[in-house]
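Take a look at this single chain in structure tokens; it is the form predicted alone.
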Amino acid sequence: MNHPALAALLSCLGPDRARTDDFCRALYSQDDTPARSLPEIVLFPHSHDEVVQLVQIAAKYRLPLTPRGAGSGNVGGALPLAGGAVVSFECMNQVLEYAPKERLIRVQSGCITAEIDQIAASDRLCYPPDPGSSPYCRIGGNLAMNAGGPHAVKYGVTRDYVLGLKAVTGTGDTLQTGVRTSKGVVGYDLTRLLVGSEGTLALITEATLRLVPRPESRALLRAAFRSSEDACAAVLRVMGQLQTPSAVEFMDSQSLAAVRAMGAAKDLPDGSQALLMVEVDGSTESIPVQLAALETAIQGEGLLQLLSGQDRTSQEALWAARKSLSPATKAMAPLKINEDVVVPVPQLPTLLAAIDEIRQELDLQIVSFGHAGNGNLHVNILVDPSRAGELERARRGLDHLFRTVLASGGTLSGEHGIGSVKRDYVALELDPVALDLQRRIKELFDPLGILNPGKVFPHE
């Protein structure tokens, strides 16, 4: 306890919510990445006013603050600065207002994402953004990273459902952004600026979220193909329909091998090298019509099998293979480098060809799957650092991957964010003018540089 800010923080929150013990500091020293960095103190505020107080204390003593939701991010966004403080929002988990007639809900930033949707379900409404971690991730982390999910292809991402925010800037000032109506154009859109800023501009304490009517029914198709090229051609046909499917998920041959090793997808025909999961939703009457159109679109070169599931049990069985991928890949190597690149949908074959080239030329194990309907693939490079040269080959593979994505008109991150892991690649995508403007915006919100330092921006 050498930092002069610690006594003030302990006085503000008390020893139960300003923790300096070794166990707690170690527990909050990392997110879902291998890196670790030990904070000096871990803070658990209960209210917006407490966040204001602790930021003012941190500003006075130049103490770095790292905001944290559930710690489920995989780009080092919640990795603390050694000797700094972690601000965990898990105790700020209250629903402050629920107004179904206005189709909105106002919550503290520590609310679990899936629970927001469950509340809305009682009035046949829904909160559509559904990252894979939604059963345990917190809305503040989703806001920080502008999280997406499988249903983003139809419903959009977190940013599309944020009406307004309450936050604390790096000077300890309270900032209110947005409106509670569906329209509002007074001043600059600071709400959209904060969403996706990864806690570098302000600490978000409250969010007013837009809700939409809940679909009456869902149905799912699973299509196995002879090659990834055939599956990509089917994605283009599916996305060329008048009605957008609610999800279009892709799994490559390495993904299929991974889930088969776990005992899933045993019913796939021999020769299956790629899989599509295509979901539709809407009124009960519209589902058969949508399914018929989908089946027609999916039919084509290389299709080996087409299964449908309209009742919940069948749908859960069809999703089982896709949901088993994350634990399957984590178990395959000591280190998983998880990228979430995005390309225009017609460029998916180019991206997959580049991944195959990286795999073969650099002798790397790569598993690719994700949200094909909007060109967002999770490219997982599985590495054993103890093998001579493998980590360096993985870095070369990443450089090849990123340059292919950008040359194809894509972006380095669709939903995971930049954090500390990808910051050195940002200059490949953003030109010097854009980077300079963003650094100056950061200085306006956080002139002392105490909010989540070491994230987003490349080293100068």
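Treat the numbers as computed from the prediction; the structure is a model and nothing was measured. The first residue of the shown sequence is 1; numbering continues from there.
If you look for the form predicted in complex with another copy of the chain, you will not find it shown, but the lines that follow are about it.
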Out of 80-88, 223-231, 145-153, 297-305, where are the residues with a heavy atom within 4.5 Å of another copy of the chain in the model of the complex?
145-153
Check whether Glu415 has any heavy atom within 4.5 Å of a heavy atom of another copy of the chain in the model of the complex, and answer yes or no.
yes
Does any part of Lys323 reach within 4.5 Å of another copy of the chain in the model of the complex? Heavy atoms only, please.
no
Would you please decide whether Arg106 lies within 4.5 angstroms of another copy of the chain in the model of the complex, comparing each non-hydrogen atom pair?
no
Is Gly196 part of the interface with another copy of the chain in the model of the complex - any heavy atom within 4.5 Å?
yes
The listed residue (Gln273, Thr350, Thr174, Gln315) that reaches within 4.5 Å of another copy of the chain in the model of the complex by any heavy atom is Thr174
Since exactly one of Arg359, Arg214, Arg218, Arg260 fits, which has a heavy atom within 4.5 Å of another copy of the chain in the model of the complex?
Arg214
Residue by residue through 164-192, which ones have a non-hydrogen atom no more than 4.5 angstroms from another copy of the chain in the model of the complex?
Thr169, Asp173, Thr174, Leu175, Gln176, Val179, Arg180, Thr181, Ser182, Lys183, Gly184, Val185, Val186, Gly187, Tyr188, Asp189, Leu190, Arg192
